[in-house]
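In the block that follows, a single chain appears as structure tokens, in the form predicted on its own.
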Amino acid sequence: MEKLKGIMPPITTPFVNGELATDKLEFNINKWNKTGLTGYVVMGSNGESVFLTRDEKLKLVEITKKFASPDKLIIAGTGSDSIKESISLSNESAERGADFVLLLTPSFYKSEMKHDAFIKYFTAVADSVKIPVIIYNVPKFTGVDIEAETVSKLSEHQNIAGIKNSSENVRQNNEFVYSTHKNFSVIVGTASMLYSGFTSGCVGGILALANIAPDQCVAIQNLIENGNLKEALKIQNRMIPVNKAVTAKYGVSGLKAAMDMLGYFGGEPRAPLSPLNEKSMEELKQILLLAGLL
């Protein structure tokens, strides 16, 4: 199993009149194919995966695989609280071209979701899935946070390739890097952590920001790897307000609006989410202008 690394966007899912728009997805992928992105994540949080049917999810994997350049990895977000469903969706995604699966930490029975439960869950899925598994830690949405000792133990499994850590906890990232197997990849899950993540041993980023600023995200990683920390930090600091706008402040609606402004197809989010209002649109536009993206 080759080591997972590089910058990948959790791509947005384009909808027209609330339905999956494959032509718009092809349009976006053709643009991303020309960048230094390592691959694409489908059915991530920014892909509104919680609003997709199972058929739509599998169709997304198929279409993304079809339009992506041959050198781009395809990662499918297939995690559900059910071990059986996660295995089934993962294997069907593999058949449609996914190279890795991204598995959300189970979280419905929050108080029970500790070390033993996570070991049981990820081991059972990794044992039965044809392609490598990536753990997805996103406390903001799940309300659970996986411990370093749990990740350390899971990193020994030959079919668990890494973790996407979407918390903004620098110490936790450092612990994941330090305590895991050498072939295990620690991936930053938000662009606000890119600089600190790469300087502490993370090897990639799955970032909402990479949908709209792929070149800048790739540049931060390349500059750090070449020892040019000052230049990397300059780009990082310029991107922080943009990242905040398209994640915490305006969410998926903001990310899609920014895509429309920057020549991609964003479109409307799926209900029950609402598109941005005019005031927010204007604020977002100013943020993109200040960052030099517009």
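Predicted, not measured: the structure shown is a model, and the values here were computed from it. Each residue number is its position in the shown sequence, starting from 1.
One more form of this protein exists, namely the form predicted together with a further copy of the same chain; it is left out here, but the text below deals with it.
K.L.:
For the chain seen here without its partner, which of 205-213, 162-170, 126-134, 68-76 has a heavy atom within 4.5 Å of a further copy of the same chain in the predicted complex?
P.N.:
Contact-bearing stretch, as computed: 162-170.
K.L.:
Would residue 270 count as touching a further copy of the same chain in the predicted complex under a 4.5 Å heavy atom rule?
P.N.:
Contact check for residue 270: yes, within 4.5 Å of a further copy of the same chain in the predicted complex.
K.L.:
Since only the chain is shown here, I'm wondering whether residue 28 would be in contact with a further copy of the same chain in the predicted complex (any heavy atom pair within 4.5 Å).
P.N.:
No, residue 28 stays farther than 4.5 Å from a further copy of the same chain in the predicted complex.
K.L.:
Heavy atom to heavy atom, is residue 225 within 4.5 Å of a further copy of the same chain in the predicted complex?
P.N.:
Residue 225: no contact with a further copy of the same chain in the predicted complex.
K.L.:
I'd like to check something about residue 154: if you look in the predicted complex, is any of its heavy atoms closer than or equal to 4.5 Å to a heavy atom of a further copy of the same chain?
P.N.:
Contact check for residue 154: no, nothing within 4.5 Å of a further copy of the same chain in the predicted complex.
K.L.:
Under the 4.5 Å heavy atom criterion, name the residues of 11-44 that approach a further copy of the same chain in the predicted complex, in sequence order.
P.N.:
Read in sequence order, the lone residue that approaches a further copy of the same chain (within 4.5 Å, in the predicted complex) is 19.
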